[in-house]
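Let's start with one chain on its own, the form predicted alone, as structure tokens.
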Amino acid sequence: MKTRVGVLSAGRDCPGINSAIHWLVNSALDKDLVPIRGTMFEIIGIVDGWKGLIEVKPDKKESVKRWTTRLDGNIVRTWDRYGGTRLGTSLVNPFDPKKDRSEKVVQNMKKLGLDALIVIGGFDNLGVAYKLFREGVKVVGIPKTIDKDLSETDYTLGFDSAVNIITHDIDRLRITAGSHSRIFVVETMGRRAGWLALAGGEASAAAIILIPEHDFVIDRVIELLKMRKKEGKRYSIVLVSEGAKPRGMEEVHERRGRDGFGNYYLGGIGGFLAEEIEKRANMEVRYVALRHLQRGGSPTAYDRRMGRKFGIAAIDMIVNEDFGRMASLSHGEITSVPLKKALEKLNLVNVEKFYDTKDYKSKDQLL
């Protein structure tokens, strides 16, 4: 008996994806486990996420070769140490209201002979996975998002690596900020959840942290910066999530419209804030948007380990026929949760518990 499993990474890339693929392939092809599982696996990588399952023409060899690749231990041998996704990804949404192509995904999976599908994605793309599950597709999910906004799991692939990148980049900015006695406004990713800015701010000791969960007052930001200057601080780092916004205002959008899931492309709040500080307080300010740098580089040791754990868990879930579920880290242990439950709400920063709304920083006190 042989089980043919497809795997794809959907949405934006991040470190840790390749590690998950590396380990799910090695776990699936472990010959010592065949007698226990009662099945042999064949793993098929889908190129460019959902786009691959939409564009592939199963009856044409060249098309199948273009959009799929058979994965084995030799092919993925070194994948775990690299960032990004070797399979490629895209922002294509099969359930896009403008052009629903979900039925084509289902049909192409059947024509390719795929018995199950592993989806490595964030909130939107695991939402696609859940919809396909409701239509009869045997699917399991692996949580992947640097925003860490998926609920029902204590960790999502890519978060630790992104926080490390933010920390290292701010360490570099400190040198020039201190040399010129300047304020630096640094914009991180984080559309709806402020975990990246909060954790990055804690690690880099940023003076001010602004997150989407709590609207900030520009005059208060300026007041805090003036207080630091009066105390003799030569420079200040203001860390702001792309989804953060001043009280009474909307989010700052880029001009590219929306993605396939209806989300606006955010970006520019850091530049707006820097201009307002200079205009209102006559302070010298520089603005840096880290943007896609946060997704780059090699995965940290933690993301490599979590990729391993999630990848192996995904294969175990298929063996146990735990479909419609997502691999999860809960209280230090790997488990699985229903996709439906994981998608009921976002994992947002608990402002009352973790955020100082007066001084715009992390709340660390036990009181």
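Residue positions are given as counts along the sequence shown, with the first one as 1. These numbers were taken from a predicted model, which means no experiment stands behind them.
The discussion below concerns the form predicted together with a small molecule, not included here.
Residue contact with the small molecule in the predicted complex: residue 91 places a heavy atom within 4.5 Å of it.
None of the heavy atoms of residue 187 is located within 4.5 Å of the small molecule in the predicted complex.
Taking non-hydrogen atoms only, residue 119 never approaches the small molecule to within 4.5 angstroms in the predicted complex. Among residues of the shown chain, residue 131 is not one whose heavy atoms approach the small molecule to within 4.5 Å in the predicted complex. Only one of 138, 182, 245, 191 comes within 4.5 Å of the small molecule in the predicted complex through a heavy atom, and that residue is 191. In summary, among the residues 295, 214, 86, 228, the only one with a non-hydrogen atom within 4.5 Å of the small molecule in the predicted complex is 295. Shown alone, this chain has one stretch from 275-283, 75-83, 143-151, 205-213 that lies within 4.5 Å of the small molecule in the predicted complex by heavy atoms: 143-151.
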